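Starting off, we have a lone chain in the form predicted on its own, written out as structure tokens.
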Amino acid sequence: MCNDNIHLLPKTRLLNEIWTIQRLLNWITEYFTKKGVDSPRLSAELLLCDVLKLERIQLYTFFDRIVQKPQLDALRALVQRAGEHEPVAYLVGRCEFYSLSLAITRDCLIPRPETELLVEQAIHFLRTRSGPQAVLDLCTGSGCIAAAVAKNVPDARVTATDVCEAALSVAAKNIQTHGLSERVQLLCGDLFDPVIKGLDALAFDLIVSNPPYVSETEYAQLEKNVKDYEPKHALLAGTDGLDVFRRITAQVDEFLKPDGALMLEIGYTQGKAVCELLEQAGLFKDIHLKKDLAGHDRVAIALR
């Protein structure tokens, strides 16, 4: 296996050496590991798939395929950018979330595996109920939560809001790609503001949100691949990171059915504070937290 840095793959060597998919995959994985890139093997696979126009499984069925110079040049540029911690999802313009392939741009956050826990809890709650279900997704971003819920709960009709028009354009593409346009409505505006009661829904069975929840102190300490590339407005939520949670809990009464649920993704240190906000609202009979795979508090659930 090659042990050089990025200069192992310069244009002069590309003219003289044979690079198969297998050799490239191994080299890029090792390079990303040295550079501290998240999920180095997966990142290498995604870049190769993008340049070669292959599915991930095809990388392994075509292991010995020789990669030609135009593709090598394109790959080299992407590898260098990823090695400088530009997120691979933005480089390839897509990501995987809850078994869905989603378009992604720098106008919206990259969906995280932790957010899949929020989706799991939402789907479980909706499946315990009968008949059509009205769902409100606040701060939808790429539409990842709205798409995953609608795809897995055929009786759900989802209204999704976001203050960013550019992010909603990405969400619209994802909703259309997965054939969900008839059941997912996208509205531009701040939190509940664009929702017209009685027109969009009388009230919602479930309100779900992965809102901004990073404090000012945490934002200053974010890793380069997040702070330098992902939209600040989708991350930062005031001095303590609780600003948006406060606004949601202050308005939720008007929009949530008497037997409905509110589900929020939270920062791993925010469980106690968010539960206190929900208790102060005086609306909920049951408030509890769900932990992610790392054992951190990740989703706050409040049942009315």
Ligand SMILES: C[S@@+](CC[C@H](N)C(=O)[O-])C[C@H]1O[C@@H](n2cnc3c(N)ncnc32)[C@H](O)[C@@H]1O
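For every residue, the number given is its place in the sequence shown, counted from 1. Keep in mind that this is a model prediction, so the values were computed, not measured.
In what follows, reference is made to the form predicted in complex with the named molecule, a form of this protein that is not presented.
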Point to revise | Triplet S101, A147 and N174 all within 4.5 Å of the named molecule in the predicted bound form via a heavy atom | key: no
**Study point:** Which of 228 to 236, 123 to 131, 78 to 86, 174 to 182 lines the interface with the named molecule in the predicted bound form (heavy atom within 4.5 Å)
**Key:** 228 to 236
Revision key, fill the gap. The one residue among V195, C164, L117, V92 placing a heavy atom within 4.5 Å of the named molecule in the predicted bound form is C164
Point to revise | Residue (of L72, V153, L109, L186) lying close to the named molecule in the predicted bound form, criterion heavy atoms within 4.5 Å | key: L109
Exercise for review: Using a 4.5 Å heavy atom cut-off, state whether R247 contacts the named molecule in the predicted bound form.
Suggested key: yes
Practice item. Answer with yes or no whether V158 is in contact with the named molecule in the predicted bound form, where contact means some heavy atom within 4.5 Å. Key: no
Check your understanding: Any chance E218 has a heavy atom within 4.5 Å of the named molecule in the predicted bound form?
Key -> no
Practice item. State yes or no: in the predicted bound form, is some non-hydrogen atom of D190 no more than 4.5 angstroms from a non-hydrogen atom of the named molecule? Key: yes
